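Below you'll find only one chain, the form predicted on its own, shown as structure tokens.
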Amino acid sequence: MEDANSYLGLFFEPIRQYLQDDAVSEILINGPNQVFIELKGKLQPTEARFVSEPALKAAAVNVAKNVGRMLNEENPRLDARLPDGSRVHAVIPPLARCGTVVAIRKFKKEKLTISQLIEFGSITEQGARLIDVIVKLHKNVIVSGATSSGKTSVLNVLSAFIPETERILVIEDASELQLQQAHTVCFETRKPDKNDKGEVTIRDLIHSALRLRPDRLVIGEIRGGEALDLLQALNTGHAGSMSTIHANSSLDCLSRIETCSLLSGIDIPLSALRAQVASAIDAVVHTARLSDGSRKITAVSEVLGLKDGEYVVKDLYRFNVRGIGPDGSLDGDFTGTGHKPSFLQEASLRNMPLDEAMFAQG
């Protein structure tokens, strides 16, 4: 099958140069007369234009057809994964008032590594060591952050710490994760057909996964009622699992999981739900795209249960902004917060000792 740049270029000729430019991470088309790209973490306008709205819409419809999906009046939204893993989302009029809107998030050919995150200044060696220990101790981890903050990339990096000896089941709406372990089994959801039949959801796949002897569950993203199924799985012995969720902070991440769980349609008292969340989630790794375009792991936090019905979340290691340079770049550093992880002794017993000095308040 053709590579995704050639494949997309057939339909999106006006943006071919950006599809072929590895430095461009996203292409955002807001109708035929406005195209933006993300370059080095920052959005910038381009001179690219489509001949007309019908031409742009036809391009989006052709992409949908080539991945076995529909984009029309009955199905005005498209979520598609291209042959190389790049993601395309499109919305057509009348939902999109400016004309057909398309977002293309390009797939990175090289898998991001923890060494690269350290090199980019997204985390320090000490922070990476902390995350490594959290994963190897089979703590359940959620990677949180805003859109385009790098959650999926960080989840990929976290998954690299999983030992080769473990069986990993990966569940996604559209396959993006690139786990390298030999014993990895990947599942992908399926949209309903034109007769509104045949849909397979993340909830369905979690149900199957729990009967396929997983050592680890890796869920691409929590968006809805599948959150409750995941919580129940994590509370019944499937330790060491991980997922991502849209959230503004480590604490907000837990509230978002609550909200998504309520979408399951199962009537459960809030107090019981909070107890499940607090018991299931051990750690949160929060990501952010900062004002200078850089992406960082801004906090590694531990969930310590409930107190008076409220979540107790302690940042163990975080990024502190100290100032802004003349060029707009952020000056900051990673420091401890004064809180030591509750699993220090456990890590030591497993021959994975952590330097307690890293947790001293900076």
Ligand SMILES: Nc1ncnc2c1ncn2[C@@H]1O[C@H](COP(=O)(O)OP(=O)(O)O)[C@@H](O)[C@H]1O
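Throughout, we count residues from 1 along the sequence that is shown. Not measured: the values here are computed from a predicted model.
Quick note: we don't show the form predicted together with the ligand, though the next part is all about it.
*Asks:* Counting only non-hydrogen atoms and a 4.5 angstroms cut-off, does residue 150 reach the ligand in the predicted complex?
*Replies:* Yes, residue 150 is a contact residue.
*Asks:* Within 4.5 Å, heavy atoms only: does residue 318 come near the ligand in the predicted complex?
*Replies:* Judged by the heavy-atom cut-off of 4.5 Å, residue 318 is well away from the ligand in the predicted complex.
*Asks:* Does the 4.5 Å heavy atom contact test between residue 120 and the ligand in the predicted complex come out positive?
*Replies:* The answer is yes: residue 120 has a heavy atom within 4.5 Å of the ligand.
*Asks:* Might residue 89 be said to contact the ligand in the predicted complex, defining contact as any heavy atom within 4.5 Å?
*Replies:* Residue 89 lies outside the contact set for the ligand.
*Asks:* Have a look at 108, 136, 194, 183 for me and say which one sits with a heavy atom within 4.5 Å of the ligand in the predicted complex.
*Replies:* Checking each option against the ligand in the predicted complex, the one that comes within 4.5 Å is 108.
*Asks:* Can you pick the one in 268, 200, 146, 263 that has a heavy atom within 4.5 Å of the ligand in the predicted complex?
*Replies:* Checked against the cut-off, the match is 146.
*Asks:* Only one of these stretches, 230 to 238, 164 to 172, 271 to 279, 150 to 158, has heavy atoms within 4.5 Å of the ligand in the predicted complex; which one is it?
*Replies:* Selected range: 150 to 158.
*Asks:* Need the contact residues for 272 to 307: heavy atom within 4.5 Å of the ligand in the predicted complex, sequence order, or none if there are none.
*Replies:* Read in sequence order, the lone residue that approaches the ligand (within 4.5 Å, in the predicted complex) is 295.
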